[in-house]
Every structure is written in C-alpha cells, then in structure tokens.
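What follows is a single chain, given as structure tokens, in the form predicted alone.
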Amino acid sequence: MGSVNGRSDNEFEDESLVSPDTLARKSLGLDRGQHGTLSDAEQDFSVKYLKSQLFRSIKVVLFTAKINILMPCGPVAILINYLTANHAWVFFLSMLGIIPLAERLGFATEQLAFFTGPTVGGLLNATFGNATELIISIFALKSGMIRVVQQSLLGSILSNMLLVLGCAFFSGGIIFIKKEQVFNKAAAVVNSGLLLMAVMGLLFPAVLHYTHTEVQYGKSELALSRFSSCIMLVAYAAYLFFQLKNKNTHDPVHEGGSQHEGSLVDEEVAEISQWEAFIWLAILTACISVLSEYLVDALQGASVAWRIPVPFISVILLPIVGNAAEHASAIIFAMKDKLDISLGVAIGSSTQISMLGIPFCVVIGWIMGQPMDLNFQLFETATLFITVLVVAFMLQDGSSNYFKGLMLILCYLIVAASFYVHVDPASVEDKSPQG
C-alpha cells in the first residue's frame, strides 16, 4: 500500500510539477508540433485533392464517352505522316481523330455554360458549337484553299439541314409512330428566315459574277461579299440578342409543361468545374488545330489516292466529321421526344454556320489577304437555295414524322451523288490575293 501510495503520490507530485509553467511550455511545444504537423497535413491534403481532381477530370472528359476510343487515331496519323507521308491514311486517321475531339469540345462548352449563365452560355455555344469546321476552314484559308473552305462550310449547312434533321425526324417518328411529334414553330420560322437571308447574301455575288454586271471585274464581287458579311454578322448578333431576351418565343412545346422542364433541369448537373472546363476548351481546341493542319495538307493527296473529287470530300466527308457529335445528340433527343432540342442542334447549327461561320471566314480571309468571297458558284448556291426551301416547307406546320425524315435523308443522298459527279468549273484558288 505504501509503495502504491508512494507511486501514486509521485504521480500526483509529477502532475503537480508539470503545472502550470511546465504544462504551458509543453503545450506550446506541442502546439508548435501540432501546427507543423497540421501544416504538412494540409499540404499533403491539398496535393492529394488536386491529384484526385485532376484524375477525376481526366476520367470524366477522356474515358466516359465511348467515342473516345477513336482518339489514338490522331497521334497515329501524325506518326504515319512523318514515317510514310501516305496522304490517304493521314487524311482518314485525322478525320477519325477529330471526331471524338469535336464531341468533347461540345461537352466542355456545355459544362462551362452551367457557370456562365444563359447569355454568356449562348455566346459560348455559338462560338464553340462549330469550332471544328471553323478551325479546319482557317487552316485551309491559310493554305489558299478557298474553294475547300466554301464547300466545307456549305456542306456543313447541308449536312445539318438534311442528314441530321432527317435522321432525327426519322428515328423519333419510328419510336413514337402512333404519336405526332411537335416542336416550336415560331423558333423554326425565325431560323428559316435567317437561312433565307444567308442564301440572299450568297446569291447576289454569284449572280453579279455570272451576269458580268460588275462595275470593276473581280473587285466589286469581293467588296460586296465583305460588306454583306459584316451585315450578316450584325444580323446574327441581333438574332442572339433576340433569342436570349425573348425566351418565351423559344420555349419547348410539350404536353408535360413545367413537369418536363423540371425533369430536364434535374438531369443537367455540371460534371467538371468552371476552370477545368476552360482548361479543357484550350487543350481540345489546340488538339483539333494540330490535326486540322494535317487533315488539310493531306486532302489533295487523299483525293488522288481514293479517286474521289475534292468537292465531294469537302461537301460530304468533312462536314460529317465535324458534325458527328451533333448527329448523335440530335437523334438521341428525338428518340426521347425532345424534338425542340434536336431542331436547335440541326437548324441552329446551320444558322450559325451560314450567318456566323461563312461571314467570319470572309473577314478572316480579308485580314489574311486571301480573296475569300460569298460567290459559292451557281451549282453550290442553287443547291443551298433549294435545300432551304425544302426544309422550310417541312417545318411550316410545326410537326414531324418518320416520312418527313425519310424524305430529308433521300434528298441528302441526291445532293451527295450530285457532288460526286460535279467538277468545279472555276477554282478560286487561282485568284491572286487582293487587299
């Protein structure tokens, strides 16, 4: 007992010795140690957090979409270009490599729109929605391939209006074969009006050229094209303002009303952060730019190797690559009875190309010293004019079915066959650059 008491007394005595000054000193030392440990822990935590965020972002962007299995085609195309310089394989693999990059670029733009609000989001969608076509066009302009630029942009409009919209109408009509699918007729009418305005902008320079009624041959046509392009850009800016300020005009037509809108909002959740979206936009745009340069350089060689006319490659093949993601999304939304979104993807993209993409390329060509104009030749201009009339006629009653979709797809096959046997009569590539 004594020893126990002694030990207990010593323990109590030891406890009394450590207080209060010793305890204070030990607590200060412990605090310093703890603060140091917490600081290291915080640093470790921040590093681990950044790594986890990085891996999560890479996983979401690069490994969630099945189409990303085509991404290795891009590096393989570059490798083949340096090893064998086989233009046919370089062109083919570059096309396949651009498809998933274009789809992921659209994904990053949608993610960024969650944080920027509807106004800036609309501008971002207008800017990046057709970024692939614009990047390819800029590299073609840089190489002086003006007809390739004109035909690829024209092909993008035709592809969206006939093939994409036709597939959406057809697939939606098959799924809802006993139900008539409807969409907002007011929004379709506005887009059809803008497309007809674009046809007007392309028609007058071509008519001016082929009727030989220019004041100054070669110069008046180019000056008219640049003036009309500026007017079309102003009109598209006004359209964006109108669309964003008058949202009730563009509301989806559904029987469900607010319930459908609520479910749509619930489904849409941002998967990556705002800064991650910015970084991925920059990375994907750079990758598309690199592959686009190889694609454009190999185009002529691929045309010779495959014995396929350059107009067919420019009007049919290149737009299908650039619009691959839009094709899939338009069909998926139509099969979910969200036809307004499908219409926005197809007709909205055509409007962007005709009123933003084409005038933008004319202005860029002006800056580069390239004589890029709105004279798309009579064959191409007539094709666009008839296509706009056919689609406007299909949209006038605000409803769709599988037969309308089938007609649009068959019209696109006629257009594709026409460009396969079409020889470009007068290439604008031979023109000398004018200021």
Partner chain sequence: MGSEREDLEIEMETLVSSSQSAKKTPTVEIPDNASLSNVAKSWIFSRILERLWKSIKVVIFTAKINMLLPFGPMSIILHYLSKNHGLVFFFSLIGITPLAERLGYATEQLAFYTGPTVGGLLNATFGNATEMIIAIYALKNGMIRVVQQSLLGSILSNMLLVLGCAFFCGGMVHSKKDQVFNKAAAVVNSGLLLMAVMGLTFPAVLHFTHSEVQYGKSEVSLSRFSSCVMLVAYASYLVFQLKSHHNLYNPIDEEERQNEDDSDVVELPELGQWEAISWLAVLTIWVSVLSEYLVNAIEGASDSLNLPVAFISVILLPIVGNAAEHASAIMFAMKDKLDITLGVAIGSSTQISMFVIPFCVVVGWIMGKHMDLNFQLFETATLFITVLVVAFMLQEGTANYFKGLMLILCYLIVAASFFVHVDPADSNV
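Computed from a predicted model, the values in this text were never measured in an experiment. Positions refer to the first chain, counted from 1.
The same protein also has a form predicted together with the partner chain, omitted here; what follows describes it.
Contact annotation for the candidate site: 196, 201 and 211 all lie close to the partner chain in the predicted complex (heavy atom within 4.5 Å). Under a 4.5 angstroms non-hydrogen atom cutoff, the partner chain in the predicted complex lacks residue 69 among its neighbouring residues.
Among heavy atoms of residue 355, some come within 4.5 Å of the partner chain in the predicted complex. Looking at residue 220, you'd find a heavy atom of it within 4.5 angstroms of the partner chain in the predicted complex.
In the predicted complex, the partner chain stays beyond 4.5 Å of every heavy atom belonging to residue 366.
Shown without its partner, this chain lists 332, 238, 279, 85 as candidates; in the predicted complex, only 238 has a non-hydrogen atom within 4.5 angstroms of the partner chain.
Between the options 324, 190, 80, 131, the residue in contact with the partner chain in the predicted complex by a heavy atom within 4.5 angstroms is 190. Considering the partner chain in the predicted complex, the lone stretch of 89-97, 222-230, 357-365, 314-322 in range is 222-230 [heavy atom distance within 4.5 Å].
Using a 4.5 Å cut-off on any heavy atom, none of the residues of 359-376 reaches the partner chain in the predicted complex.
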